[in-house]
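Subsequent text provides structure tokens for two forms of one protein chain, presented individually as structure 1 and structure 2.
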Structure 1
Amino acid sequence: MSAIPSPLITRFAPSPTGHLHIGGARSALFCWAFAKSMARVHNIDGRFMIRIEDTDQARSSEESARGILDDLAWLGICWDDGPSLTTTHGQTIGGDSRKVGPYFQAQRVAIYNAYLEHLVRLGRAYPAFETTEELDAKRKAATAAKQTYKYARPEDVKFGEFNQARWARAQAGERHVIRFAMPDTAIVVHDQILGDVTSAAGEVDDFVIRKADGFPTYHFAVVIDDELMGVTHVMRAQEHLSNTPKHVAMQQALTRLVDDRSAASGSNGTSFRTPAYGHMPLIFNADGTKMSKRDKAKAARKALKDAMAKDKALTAAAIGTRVNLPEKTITDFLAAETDAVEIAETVAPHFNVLLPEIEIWDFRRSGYLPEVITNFIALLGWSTGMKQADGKDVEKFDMAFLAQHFSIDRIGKTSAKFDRVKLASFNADAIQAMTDEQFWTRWTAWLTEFTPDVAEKLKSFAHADRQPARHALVQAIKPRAKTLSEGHRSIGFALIADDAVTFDPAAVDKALRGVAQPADKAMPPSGKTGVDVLRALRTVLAAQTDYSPAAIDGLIPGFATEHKLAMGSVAQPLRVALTGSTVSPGVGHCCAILGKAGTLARIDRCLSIHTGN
């Protein structure tokens, strides 16, 4: 690498057309880590910038922009320059200390137009007046001739010559786009990850840099902004590699105009710089397909088709009625005419479909921890190159480690596989490493955001006098939870009133009405039912003062031994009385969570219902 610039500036420039994709989060993380690690190693100013590329007015929204910034902040990927964001914790991120904003491209159109006219007058861009219908007809003709369509530069347009007549037509208001005139020479991209990548002469045709609506295309705006905002390094996914020759060609064609900023920097009249590029590997699913929002549509579509195969009465019209969508919308969705995420997410809850997490918001909602997400996605295409004492690769680390050790030379060239099993394992390990109080704090915060009704029901456990019950609750949840969303699934019995327990008929038949089994299988059954055992156990529990899980779990074996009963014949009737089911956390934890009063109240109600007294 040549001399290291200071400030060294990386950027992440998302389009606000939806939630932040996991791949975008990985790009932002690598850009942040590179800036911070280079700053540490070379003792320079390393800055990470956010820019919102919202020139697609039809698809962009302020809500999406805010959501993307929120997701980045949640992940702990904080930007030095960019839109200001005040988090829920009162932290302010971003700002325009370098005075290179605004950071929303829709607010920079006047800047783009000045440079666009500059290119036109240099003969490196020109107005084009073909209609959509004319271009479509040419594409169809090329397809019919089994040829690849390529836009043909009009005969009156000469490379490097200003076309006054065309510019006059454009200025008069005739509908047009502006196209960049590509040079008839090869373009070489010096990529820090892939090496030199050459685009042959004539490979790229004259592409649009300003649309008919007056807004610049991504290609033009990104080149102008990278220069004016001082971006020195561009790190992005390999899917953008085909765009880079276009950007390099424009950088070579452009010179800076006279304005306050360029004059102050002493760079007036100089050519646009070409940032150092690094194109990162794509992220694929385990099956080798590209990880995409369309995966949600695929999952929902398959579930609908499976349901329709089982139930012939389930037509597109019937599905539409159930989910409150037009029949044609469902028909088009089933035929893969549309992969709209909104349709998939509307359908999913009605058919119990678990859609794959693709966007950061999905992972947040599923209860993954932000520090686990950043740790995991850092390993998608990058490795630490370090070994643990046991010889295994270092894989568990935090953001501070990444900022210290990240290097671009350890980014791979091949696609990365997103291993959901490994991510869940990482998350489970992080949950297990928490103290009980840390888990309680983070779990209840997640519940408050995503399942406020459950959070409300758990408020009583926060009281000081219920600390033992809260401790038991956490101990019952943590070993079983891979994500925060799984926490409350096993303790539903604790979220209802003592007189609201519903009993599973199969559990009642087996555990309460069934005959209790002796500890020694060679002995004949005693003839006592589970209800009889529960009644005798109730007397022992009423005399018990210590309701900690350990105390209750120690009491049960003693009772079973005294009555010469199998452990299951003691624990299962109690479990059914407390939870209504034979599946729950250990009975010691159940009793501790409910407390003595709750435990006895539930046993009494169970006995009353199932014995008639």
Structure 2
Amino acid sequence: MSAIPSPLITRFAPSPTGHLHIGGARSALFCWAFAKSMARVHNIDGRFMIRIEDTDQARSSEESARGILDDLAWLGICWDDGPSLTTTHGQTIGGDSRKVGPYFQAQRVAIYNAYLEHLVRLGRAYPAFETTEELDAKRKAATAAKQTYKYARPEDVKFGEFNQARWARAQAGERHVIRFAMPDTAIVVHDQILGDVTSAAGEVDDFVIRKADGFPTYHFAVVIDDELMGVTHVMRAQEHLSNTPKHVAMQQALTRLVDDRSAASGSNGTSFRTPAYGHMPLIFNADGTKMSKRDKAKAARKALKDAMAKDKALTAAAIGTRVNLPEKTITDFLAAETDAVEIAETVAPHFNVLLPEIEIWDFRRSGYLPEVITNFIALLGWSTGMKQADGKDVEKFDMAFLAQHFSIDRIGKTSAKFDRVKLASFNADAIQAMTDEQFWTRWTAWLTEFTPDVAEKLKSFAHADRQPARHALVQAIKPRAKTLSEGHRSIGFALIADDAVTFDPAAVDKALRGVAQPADKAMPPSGKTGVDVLRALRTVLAAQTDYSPAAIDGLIPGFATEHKLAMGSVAQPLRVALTGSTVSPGVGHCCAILGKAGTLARIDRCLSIHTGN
């Protein structure tokens, strides 16, 4: 790439056949970051565009397109050009200020047809009449004979000569596809990431550019739209690398039409440009397989099979009844004849399966923060190359940093495995870095969206007079939560009524019935049980007015010293009385969350239940 164009335009062009995939999100992020960083560095207009590639009539849906845009917006990846989206905050993203839309390919068929006809008249494309079955049979035969299959250009088709006869047949309504006539020359793709990649002459056969249903194939639409929409830099996943010679060949064959919707308007002589290409490494699962929606089906299927192995009475029919799906659906699913995500999602809650997060939506539902996701996926195939003063790599950054420092030459060539554990660690770090106030806001927003029942139970903590309890609550959660979804796990005890605590028998045996340890092992046994200690501690707590975590925690050592007891022998009975378990946040925080009334009520109830025998 020599001169830097302005505007510099990158694009993300998803096909709306599902949610936004983690790999798609990274492609979008890199395209966005590249446009923005180039704009800053070179003081030019750097634009990021979205185009919806919905040329596959069978698989595309509007909801899916909408969902993808929502996910992008949620991640903070905003597009300058493309379908308009108004977020819940009232912000409008996208639009057609450059007047190059529409951005849905299904609405651009007239344009594709004009260029298609143009190519046909140039003798660079031709109608082909073989049926799918015919072609499949040939392909199969070739594979069986260990031969390389290639579509053979029909004898009557001459490169560069308009085939009037074929065109007439097509115009008469005969079912056909249109194929592009590949030139007999080598094609070099100058890839910004991989370097020059040469495709030998004759390597690529005449591929289909318009399907029998009248819609263009991806290859054709992408070339037309990138040119017409002014895309200067195409950054996409490496799986497209082998397609690129096709695109370059078409760019070399095409010239702009005076009127984009009519081949009759003639060419204005301007050749299609070849954008700068950059093919990014792929993202894989930890086991090296490609990250895909199928992983959800796999996980659900495995869970079902495990459950069936354990419980002989659990048949496909029984499962069907339980999850309210036809038996046939279940048997097909079990036999791996269908990989429907919906089935996996339906089955999962009934069998307690955690489906792997694959799509952005999954991560959102699991309580990952958008800024952590973008940070983390930026690291999959890109690195800052910067060191901190202490010699550590710079790997935590935000979108503003990316918009500033992203660069194409720091994109790696090797595919990356998606490490969920590291993502979780980043998420935990980000949660801990929040102020209590920030955490409360974002956490409750998440709860309201995904677990309204918990949000409801938490409402009482929002009152002004419960501020201290709320602070204690947040402090109890923050260091223990890797995601927003597991936020309430550590404070489950606070979400139930004081008289609804269930006591873990093992905890009771150990902390309440067991003998309290002396402060020093050399000292004689205390002879007191946990219950005795708890009873004495209750008196102290009843006299206490300050129920801040620090105050309560400060109380314990004094009490322990006074009674010559080990700290654990004081704190553990209290912990069990308050939470029913030996595992919980610090007892100071527990008391603070419950408040004085709750604390004493729970101690009293515990004493009444566990005294006597």
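For numbering, take structure 1's sequence and count from 1. Remember, it's a predicted structure, so these values are computed and weren't measured experimentally. Superpose the two forms; the largest set of C-alphas matching within 1.5 Å is the rigid core.
Here the chain taken from the form predicted in complex with the RNA appears as structure 2, while structure 1 comes from elsewhere. Annotation for H589: C-alpha shift of 2 angstroms or more between structures 1 and 2, rigid core superposed. Relative to the superposed core, S61 shifts its CA atom by less than 2 Å between structures 1 and 2. With the core held fixed between structures 1 and 2, T374 has its Cα displaced by under 2 Å. Core superposition gives G527 a CA displacement of 8.0 Å between structures 1 and 2. Its Cα shifted by 5.7 Å between structures 1 and 2, M567 is reported here after superposition on the rigid core.
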